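Single chain ahead, by itself, as structure tokens, in the form predicted alone.
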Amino acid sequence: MDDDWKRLRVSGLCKQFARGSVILSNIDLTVDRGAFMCILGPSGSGKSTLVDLIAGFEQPTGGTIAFDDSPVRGPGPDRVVIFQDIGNALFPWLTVQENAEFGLRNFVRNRRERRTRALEALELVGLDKDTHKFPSELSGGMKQRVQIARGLVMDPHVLIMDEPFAALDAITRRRMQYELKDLWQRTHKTVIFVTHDISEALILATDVTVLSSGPGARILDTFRPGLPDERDPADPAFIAAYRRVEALIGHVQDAGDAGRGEAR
């Protein structure tokens, strides 16, 4: 895959659905190659719609999405999505290895190459000893690792993750956060990660984008937390970054509540 691109650019992006419902309004976002971008926002802020647009699953009403100057016009192997719904994301009749290989079937004819790439990806996520198992034999965290491996075998420009750990218990979720960060550091992939959890974003991100409440959500702020690689939620710098995001989201929610009160 061509690796000459430098950044993903979202410019003036708008999305309007039926009956005039505006979901996103004038979104400008730049994701540098190799970045770990976390997109935060309250429920209804259009986070999932934004990543669906970047993935090419939806088409914008206005604006553009491009790798440098090359427009994104639909889905493609350069963008792979890891979904939240781990229960339905894997094929239950396929083994771990077969699930990891699945996306390659339309792109790699050589079965040995598909197997090699799948095994390499499964080793990266720590499942090289579980290749023969079926999804029913896996824990929630293991299922999500299979999803990540299935994405990595495609060698995408961008790995898009839409609240991938939301269905996991708190202990597994924290472990998966640190495993994902380690994986990102080893693979140097560009990651766009959607979450509503401020702490999760600050543990993972090189860059944080905060969306306002919908409808017509917009970007409130994009910033780099400036935290060390090893991050401690008790660190004063971590707490300050947390409060920065919390204040942004809280201010907009308070304003929205006030506006609705006046309307009544």
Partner chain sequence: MPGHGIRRTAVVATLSILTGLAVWAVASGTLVSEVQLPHPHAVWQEAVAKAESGLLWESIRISLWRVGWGWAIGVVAGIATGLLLGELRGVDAVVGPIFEFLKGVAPISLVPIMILWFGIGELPKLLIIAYITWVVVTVSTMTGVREVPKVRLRAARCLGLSQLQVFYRIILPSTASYVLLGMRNGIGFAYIALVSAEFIAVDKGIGFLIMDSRLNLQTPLMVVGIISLGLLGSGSQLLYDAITLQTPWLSRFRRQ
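Since the model is a prediction, treat every value here as computed from it, not as a measurement. Numbering follows the first chain given and starts at 1.
Absent from the display: the form predicted together with the partner chain. The rest refers to it.
**Q** Decide if the three candidate residues R79, P92 and E98 all line the partner chain in the predicted complex, where lining means a heavy atom within 4.5 Å.
**A** Contact check passed for all of R79, P92 and E98.
**Q** Which pick from H188, R112, R105, K129 sits with a heavy atom within 4.5 Å of the partner chain in the predicted complex?
**A** None of the other options qualify; the answer is R105.
**Q** The partner chain isn't shown here, but in the predicted complex which of D85, D182, D169, E123 has a heavy atom within 4.5 Å of it?
**A** Only one listed residue qualifies here, and that residue is D85.
**Q** Would you classify R117 as touching the partner chain in the predicted complex, given a 4.5 Å non-hydrogen atom cut-off?
**A** Taking the distances in the predicted complex, the answer for R117 is no, it never comes within 4.5 Å of the partner chain.
**Q** Heavy atom to heavy atom, is V194 within 4.5 Å of the partner chain in the predicted complex?
**A** Flag for V194 set to no.
**Q** Hey, in the predicted complex, is P75 touching the partner chain, heavy atoms inside 4.5 Å?
**A** It does: once the partner chain is placed as it appears in the predicted complex, P75 has a heavy atom within 4.5 Å of it.
**Q** So in the predicted complex, does any heavy atom of D52 sit within 4.5 Å of the partner chain?
**A** Result yes; D52 sits at the interface with the partner chain in the predicted complex.
**Q** Listed by sequence position, which residues of 213-234 have a non-hydrogen atom within 4.5 angstroms of the partner chain in the predicted complex?
**A** None of them.
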